[in-house]
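In structure tokens, one chain follows: the form predicted alone.
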């Protein structure tokens, strides 16, 4: 059967459908890459999701895939890579002039695994400065006067606008979940440590976790399994669910800061899941776990002076004011403050089963509202606790707010129970579409 071309107006392929079409000879890797590059040409001037893109190199990779037998799970699938993740054939600049033009010698482990799985690395997506606080140039595909979120700004925006079917990002506070919610895509942050972060510029090593942006739960799970530890939680056999889930409806202390549209979406989603058969009970966060919000902030700021020590000592004048202030604070930490926060967080993780009880997962907002204007990347208030707990989280598009922007809901699972959370996310995704 002759392989087909893709027109610019076609609905973007899901990864699973595209991979199957390539395997069946109905689609070529080159055609899929060309479709992505056509979308880049159309949308990039307004969205600015890409830090580095070499169309000729991307097409060459795709041609190489077409010259080989399609056996790997991501054969010919274009993927975007956040620009804090090393790529041997592209610059990795970390969103900073300090690393302008830096060419790593080797790929990060995650990138090497993507290549081994047959993926085409389309390019490097925009990150905030060192995955920190300074807003980037990238804009939200739904409204260019709004932020896509951060720090994985370009990854979320590129997937949302159809420029690439999936992209890799990272999360230290809320940098996968929040931008995915703002841009109306699926964002999956696996359990801490389940994906090797060798070759990733650190911010806070006790928190940093790679994650995936995609259009469906299944696509996000597939990419996460490829880059994850084959013998860890992402490599488990598929987990089914014999009955609808029991869900803890979690309204953290920041609930009062949530806008009305997000509250309405959260309540409507919970009712929709009840109608689909789920048991949904109100859940009150125990006070011991509320303290994790502040512990996450302490750990994040406390570790950045180690992660960016060279940049701070040698190029402080090239750092943004907001990041330099965080580094000043980090250096001035009282002796033992960081160690105490790390110890307290570890104790809370040991008690995490108390938090989940009999629930299959917890449901909570992904962000406080629709994407704000681009002077900020939004507040990770609904992400900090879950990030420091180290368990898996996934956000799904749930509604459109009054300004025409997406609103997401976040599913939170137990540490290293990623496969089960993905199974429940599939169930939830199907229920929300029904």
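Positions refer to the first chain, counted from 1. Predicted, not measured: the structure shown is a model, and the values here were computed from it.
Omitted here: the form predicted in complex with another copy of the chain. The next part is about that form.
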Are 109, 116 and 339 jointly within 4.5 Å of another copy of the chain in the predicted bound form, each by at least one heavy atom?
yes
Looking at 353 to 361, 73 to 81, 307 to 315, 154 to 162, which one sits within 4.5 Å of another copy of the chain in the predicted bound form if you count heavy atoms only?
307 to 315
Give a yes/no on whether residue 198 approaches another copy of the chain to within 4.5 Å in the predicted bound form, heavy atoms considered.
yes
Any of the heavy atoms of residue 261 lying within 4.5 Å of another copy of the chain in the predicted bound form?
no
Looking at the partner-bound form in the predicted bound form, is residue 88 within 4.5 Å of another copy of the chain by any heavy atom?
yes
So, residue 202 and another copy of the chain: in the predicted bound form, are they within 4.5 Å at any heavy atom pair?
yes
Of the residues 102, 246, 347, 253, which one places a heavy atom within 4.5 Å of another copy of the chain in the predicted bound form?
102
